[in-house]
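Quick heads-up: it's one chain on its own, the form predicted alone, in structure tokens.
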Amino acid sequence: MFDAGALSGLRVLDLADYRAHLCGRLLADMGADVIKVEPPTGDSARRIGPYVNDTPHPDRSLFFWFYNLNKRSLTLDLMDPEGREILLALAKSADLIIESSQAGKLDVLGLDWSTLHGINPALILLSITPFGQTGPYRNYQADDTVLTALSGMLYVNGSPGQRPVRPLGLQAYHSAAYYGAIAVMCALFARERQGEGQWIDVSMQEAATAAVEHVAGSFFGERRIEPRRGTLHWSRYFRVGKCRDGYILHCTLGDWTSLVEWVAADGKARDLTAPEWHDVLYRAEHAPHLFDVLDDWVRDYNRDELVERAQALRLPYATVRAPEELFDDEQLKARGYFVEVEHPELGRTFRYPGAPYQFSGTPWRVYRRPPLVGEHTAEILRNEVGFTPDRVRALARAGII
């Protein structure tokens, strides 16, 4: 018997497309009952590869699987009036609706905030869109690349004097999803005090801007535009270096005396033994030269040997691993990070990334594998709306579900 999740009892209708799927996934991972509402043909993310065995199939998309673990699936044609009526019926008992449609589209469908709030004053509506519900860009389209560019995330990514590099993955979308989940938690606390839900407006561009660690702070605090630095961290105390068999992260904080004595013992210290290098601010100011010297020092070391000895000397060095090496990472193994998820219809299990956090009383866990298209439609309509099996079959024949 598993303990209930932290958000057990919370009912979520996830109308979002793949740009905001992660938000619902974060809530589902904490025990919320997240119902993925998708068209009868399946969510568009199901048509994004890679696929199991490289064979395109709506129930075999690894992309969809990652973002929709722990959710249920309800197919529903929201362009049909009866489909919208079913959604409104579900909204009466829901705690949260997540959507990512273009600003104003819910109004056209008759699913606007005033209507939703009228039928369920406790309902929370979370809208995650490229530029929010108001302002001059509200009707503009933008993908993750555009959003990283307009947020400043792309500008600071890359090597000095070279073109900027697109950030890996879908970081603008993910930033918005995390801020959306945080906002939902705040709205739930507010609902406990005030008794009403609220409409949360999340701009993906603003979320990505807020997520770029140092850029906004430098500009608004010092009116300074941050440059591209390659792998040199903006604090100037960290940089990636290359050993004989892999990459490590240098760090010039910690026990500087131990570090410079070690480098000197190897005959590679050059000018780093001078007294001015003991000043932590001096090391930051002259970071490029300092890391060039350290890069030359580590190039003949084995990566793991170097990191193990550095950590023994209380130097916060770390390994930079390739993605495929993470399966053998000692720390991730100790945490039981990767989990096996059974897909009975395929007769096998698949390894998924696991808990991004550790809760003691309400631990993260896998409640269910990602849903097949419409897998839970009949169950939801019978149990949550009260439809008879005949009514469900009629809706299916009409193409509404």
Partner chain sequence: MLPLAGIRVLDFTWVVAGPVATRILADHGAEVIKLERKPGPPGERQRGLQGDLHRNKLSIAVNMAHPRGLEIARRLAAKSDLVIDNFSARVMRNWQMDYDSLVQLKPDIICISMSGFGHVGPRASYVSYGPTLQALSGFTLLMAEDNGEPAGFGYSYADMAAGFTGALAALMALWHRERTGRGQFVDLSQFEALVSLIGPAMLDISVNQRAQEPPGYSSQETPAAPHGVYRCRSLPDDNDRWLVISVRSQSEWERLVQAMGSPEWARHPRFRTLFLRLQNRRELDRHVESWTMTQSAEDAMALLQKAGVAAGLVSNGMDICERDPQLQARGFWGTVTLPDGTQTKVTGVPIKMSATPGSVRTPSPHIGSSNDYVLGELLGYSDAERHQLIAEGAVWP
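Just so we're on the same page, rigid core means the largest C-alpha set that superposes within 1.5 Å between forms. Positions refer to the first chain, counted from 1. Nothing here was measured: the structure is a model prediction, and the numbers come from that model.
What comes next is about the form predicted in complex with the partner chain, which is not displayed.
A.B. asks: For a quick test of understanding: in the model of the complex, does each of 35, 104 and 377 have a heavy atom within 4.5 Å of the partner chain?
C.D. replies: Contact check failed for every one of 35, 104 and 377.
A.B. asks: For the chain shown here without its partner, which stretch in 85 to 93, 261 to 269, 188 to 196, 291 to 299 has non-hydrogen atoms within 4.5 angstroms of the partner chain in the model of the complex?
C.D. replies: Only one stretch passes the 4.5 Å heavy-atom test: 188 to 196.
A.B. asks: Are any of the heavy atoms in residue 323 no more than 4.5 Å from a heavy atom of the partner chain in the model of the complex?
C.D. replies: The answer is yes: residue 323 has a heavy atom within 4.5 Å of the partner chain.
A.B. asks: Applying a 4.5 Å heavy atom distance criterion, does residue 30 contact the partner chain in the model of the complex?
C.D. replies: Contact check for residue 30: yes, within 4.5 Å of the partner chain in the model of the complex.
A.B. asks: So, in the model of the complex, is residue 100 in contact with the partner chain at a 4.5 angstroms heavy atom limit?
C.D. replies: It does not: once the partner chain is placed as it appears in the model of the complex, residue 100 has no heavy atom within 4.5 Å of it.
A.B. asks: Do residue 400 and the partner chain share at least one heavy atom pair within 4.5 Å in the model of the complex?
C.D. replies: The answer is no: residue 400 has no heavy atom within 4.5 Å of the partner chain.
A.B. asks: Please identify the residue among 275, 169, 81, 121 with any heavy atom within 4.5 Å of the partner chain in the model of the complex.
C.D. replies: The residue from 275, 169, 81, 121 that makes the contact is 169.
A.B. asks: Though the partner is not shown here, which residues of 351 to 371 have a heavy atom within 4.5 Å of the partner chain in the model of the complex?
C.D. replies: Result: 351, 352, 353, 354, 355, 356, 357, 358, 359, 360, 361, 362.
A.B. asks: Aligning on the rigid core, do we see the C-alpha of residue 319 shift 2 angstroms or more between this form and the one not shown?
C.D. replies: Comparing the forms between this form and the one not shown, which are aligned on their rigid core, residue 319 does shift its C-alpha by 2 Å or more.
A.B. asks: At a 2 Å cut-off on C-alpha positions, does residue 328 qualify as shifted between this form and the one not shown after fitting the rigid core?
C.D. replies: It does not reach a 2 Å shift.
A.B. asks: Taking the rigid core as the superposition reference, indicate whether the CA of residue 105 shifts 2 angstroms or more between this form and the one not shown.
C.D. replies: No, its C-alpha moves less than 2 Å.
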